[in-house]
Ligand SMILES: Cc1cc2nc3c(=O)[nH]c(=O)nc-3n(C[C@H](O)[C@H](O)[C@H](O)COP(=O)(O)OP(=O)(O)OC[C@H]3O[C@@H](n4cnc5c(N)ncnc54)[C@H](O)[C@@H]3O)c2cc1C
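Before any questions on how it binds or moves, here is one chain, the form predicted alone, in structure tokens.
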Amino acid sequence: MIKTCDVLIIGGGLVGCASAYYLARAGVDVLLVEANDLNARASGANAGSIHLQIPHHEFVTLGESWANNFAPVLPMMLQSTRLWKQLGAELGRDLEFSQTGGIIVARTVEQLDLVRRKTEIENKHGIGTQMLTAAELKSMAPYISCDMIGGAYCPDEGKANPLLATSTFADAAKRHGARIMIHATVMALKTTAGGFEAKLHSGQIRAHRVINAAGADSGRIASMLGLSLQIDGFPLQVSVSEPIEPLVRHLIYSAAGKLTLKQMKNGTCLIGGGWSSRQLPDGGLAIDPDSLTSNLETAIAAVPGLQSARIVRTWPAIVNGTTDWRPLIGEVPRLPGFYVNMFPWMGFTAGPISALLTAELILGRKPSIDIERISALNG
């Protein structure tokens, strides 16, 4: 059986479903295909952080030159937080978005100096991060360990529920006429005189245009058209605690180790930060106990009140990433009609703006943000 559409979207994560929503809302004939269930991979397995600060671990390990190269992406992420702020009302569902700010804490003078240098880069690119003394830190977040001598605060950071966002976009897209197929793996993709043809187990799809929003699988999809994208999948893991009394008001990072920590609406605490899980020989994933121990130790060192909270689940996931962390967004120059929509590492934060920009390009509108100097597709 052959299906037809104007735009075929490959990938049913946050960015794919959001792209379907923005296009269908504008009257475009959209068909989205997902190899598994919607939100089954990184979009639903991440820790729900809304980031703006430059990742501290990468700032330390990759250096200031990397940070300066990455920093032009920050205004795009800031614009995405503004979209997040209005999405609940726009889509008709509480996504548990809150914007109480993010704090990175430091235990030593050396760590605090690195935080200061990173903050200077953020401020140059419109992210209003401010340094905190020990006294200011204690006043703002009294639950933080007294061992911390200071830090930095970014008021626009926050959190949202990753279990709600993708399905909400998908439902809104369907209300506007988008079609969605799950358990529909793209086996082959080729160009045709009228656009593109995708081969699935269940038949073929002919589309005038294609959006590759397949996350860590984006490279495989692109290779079907002879395009090499430097995208890899990285096995990471996240933990969740039992519900506890209100404790952690902010999104917490640590300059002493990899950490993202936040408390959700139901009282559970999500603990992550980019710690690796294990990839099995058969391609499956498993929890890495050493990563779990280190992640929890870092969290408790920052917030001692977590020590009595029990972890109820830890899960692994594949997260898409690139070496330079720059997004791949837009129409591929040598493949008219073929669009890539992939924001590495922090795609949950940037998903709404990535989707909106891609939709604007397809609709022939001026993009909300000039992506010429941001997207790695442009060199």
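Only a predicted model underlies this, so the values are computations on that prediction, with no experimental measurement involved. In this text, residue numbers run from 1 along the sequence as written.
From this point on, the text means the form predicted together with this ligand, which you will not see here.
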Quiz item: Would residue 60 show up as a contact with this ligand in the predicted bound form if we use heavy atoms at 4.5 Å?
Solution: no
Quiz item: Taking heavy atoms and a 4.5 Å cut-off, does residue 314 contact this ligand in the predicted bound form?
Solution: no
Quiz prompt | residue 41: touches this ligand in the predicted bound form, heavy atom cutoff 4.5 angstroms | solution = yes
Self-check item: 4.5 Å heavy atom contact, residue 214 to this ligand in the predicted bound form
Solution: yes
Quiz item: Okay, which stretch from 66-74, 46-54, 324-332, 22-30 lines this ligand in the predicted bound form, with non-hydrogen atoms inside 4.5 Å?
Solution: 46-54
Exercise. Tell me, out of 127, 248, 238, 198, which residue has a non-hydrogen atom within 4.5 angstroms of this ligand in the predicted bound form.
Key: 238
Exercise. Scan 152, 144, 207, 221 and let me know which has any heavy atom within 4.5 Å of this ligand in the predicted bound form.
Key: 221
Exercise. Can you tell me which bits of 1-20 touch this ligand in the predicted bound form, meaning any heavy atom within 4.5 Å?
Key: 10, 11, 12, 13, 14, 15, 16
